[in-house]
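A single chain, nothing else alongside it, follows as structure tokens in the form predicted alone.
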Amino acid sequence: MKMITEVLIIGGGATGVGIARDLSWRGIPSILIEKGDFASGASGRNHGLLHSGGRYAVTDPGAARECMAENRILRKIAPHCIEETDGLFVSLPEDGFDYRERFLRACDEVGIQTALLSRDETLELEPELDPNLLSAVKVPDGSIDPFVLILENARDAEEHGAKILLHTEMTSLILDGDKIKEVGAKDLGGGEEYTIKASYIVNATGAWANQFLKLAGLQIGMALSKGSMLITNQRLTHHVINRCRPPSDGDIVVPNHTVSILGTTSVRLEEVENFEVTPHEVSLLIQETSKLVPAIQEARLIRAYAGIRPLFQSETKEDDRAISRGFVLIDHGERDGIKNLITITGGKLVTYRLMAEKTSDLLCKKMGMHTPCSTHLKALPKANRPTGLTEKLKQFSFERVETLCDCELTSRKEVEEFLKTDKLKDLQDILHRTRLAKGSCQGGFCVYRLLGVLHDLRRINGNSNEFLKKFLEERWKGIRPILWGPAVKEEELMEGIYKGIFNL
């Protein structure tokens, strides 16, 4: 199939869908292709932090300013994706006060509102913290649901004319002089092949940026930094808890929905594929985060996972934490002579909208247009609809609802509504669009119920056991690094269910 558009966006993370949304509001046609589902890369593998910029105030003030500005915008345009927890930067006895004073000055310089709390005031807010702490600084951090954020951006983009092709991999890139003439792509589900001609190409592939650029004979300076995280089976704190010291391993705890996310590490990788969480990283994260919240030592872990930060570096640095968390926008016409190619990479989840705005501004400039950005003013489609656990509990109280996932209160109705509007290509597509399988049992008791619904609705082609096996293999990757204590018992139960009942 041949397709023609003004802008072709490669990559379905937050930045890619943000660009599609921004262009759609400016009336510029675009097609986005993504080889997996939305948020398959770093956008879906972070600790769900709505940055205030506090983590970078001392070491990376430019990135801190961007985070704080976008923090304020997202609270207005995407309140349904955000929980306003606030954050505490906690000083422990071994940290002293020197860094705290630098931190307070740096936050003031970049416009981050702070409040200094005494030991007793801090423990009154968060009784699970180490009782020997010295003090804490309150900042406007929060938690954010990246999946809802990205899906809402994509839905808004499509409603305003953008076309999105998921599970569609780029297969070729044809150059014609100083421009990319066309891009070849293939639907990984149905096998359909596309030839896409676009006036401009945007490389928004994150950590895969150089894999794309290699097809055009190009390369940029990238550091691939793996960050590993752990999930507990309950919320351990009300606020985001940060260690008030220079950024290091295991210095943050983020409450998100019904769980807490412990993070993170920074490990340099050479390859972007086939990365995993190591036992050393698990031990390190528990050791360090439990200094802030001692209860973590006894907490039950339900999953380990990792994402890759695409860090742009103009010069080689050994320490990934010394590389800016700001983003870079590259016009390959000016840099490399390929006039219709742009790369956007780096940045944070919280700055995705700004990254999309700057990319769209550059595209408009190249097109000779003067249409301003409006995404900082336009709320996402469901922004005024209450969400979260409280709303689900209300729904279950007033309606007779069949539950598929008891941990996250995901109803059959919620799944069926998704299936009416979206084409199912992969079981993970459903899990990304609902909270199903993200709770304590990690899908052990709800995925086979989901398969029953899919059978009832005739939405499975082929052997349903293959769907289950693929899901269990993915689940196992996150459970294997934390397999001790109660997790071993639960995994033996899961093995009994899926071997004994489903004969897997």
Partner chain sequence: MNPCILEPLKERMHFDLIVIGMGLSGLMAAKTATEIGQKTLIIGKGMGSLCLFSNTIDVLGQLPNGIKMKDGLSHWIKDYPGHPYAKVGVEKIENALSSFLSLFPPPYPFQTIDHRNCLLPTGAGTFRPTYLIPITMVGGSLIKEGQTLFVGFKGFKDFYAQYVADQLKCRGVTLPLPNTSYEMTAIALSRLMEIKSFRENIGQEIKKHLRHETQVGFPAFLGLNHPIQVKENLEEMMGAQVFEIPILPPSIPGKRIFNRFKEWLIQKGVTFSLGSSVSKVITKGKRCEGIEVFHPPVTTSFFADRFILATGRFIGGGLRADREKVFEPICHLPVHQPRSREDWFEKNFFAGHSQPIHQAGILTDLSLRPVNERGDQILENVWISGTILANHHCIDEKSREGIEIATGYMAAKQASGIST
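Keep in mind that what you see is a predicted model, and the values were worked out from it rather than measured. Numbering follows the first chain given and starts at 1.
Another form exists, predicted together with its partner chain; not displayed. Remarks below refer to it.
Contact annotation: residue 403 falls within 4.5 Å of its partner chain in the predicted bound form, judged by heavy atom distances. Remark: residue 267 does not count among the residues lining its partner chain in the predicted bound form, judged by a heavy atom distance of 4.5 Å or less. Shown alone here, residue 276 lies within 4.5 Å of its partner chain in the predicted bound form, counting heavy atoms only. Taking the partner from the other structure, its partner chain in the predicted bound form has no heavy atom within 4.5 Å of any heavy atom of residue 27. Residues of just one listed stretch (431-439, 64-72, 463-471, 49-57) have heavy atoms within 4.5 Å of its partner chain in the predicted bound form: 463-471. Taking its partner chain as positioned in the predicted bound form, the residues of 441-457 that bring a heavy atom within 4.5 Å of it are, in sequence order, 445, 448, 449, 451, 452, 453, 455, 456.
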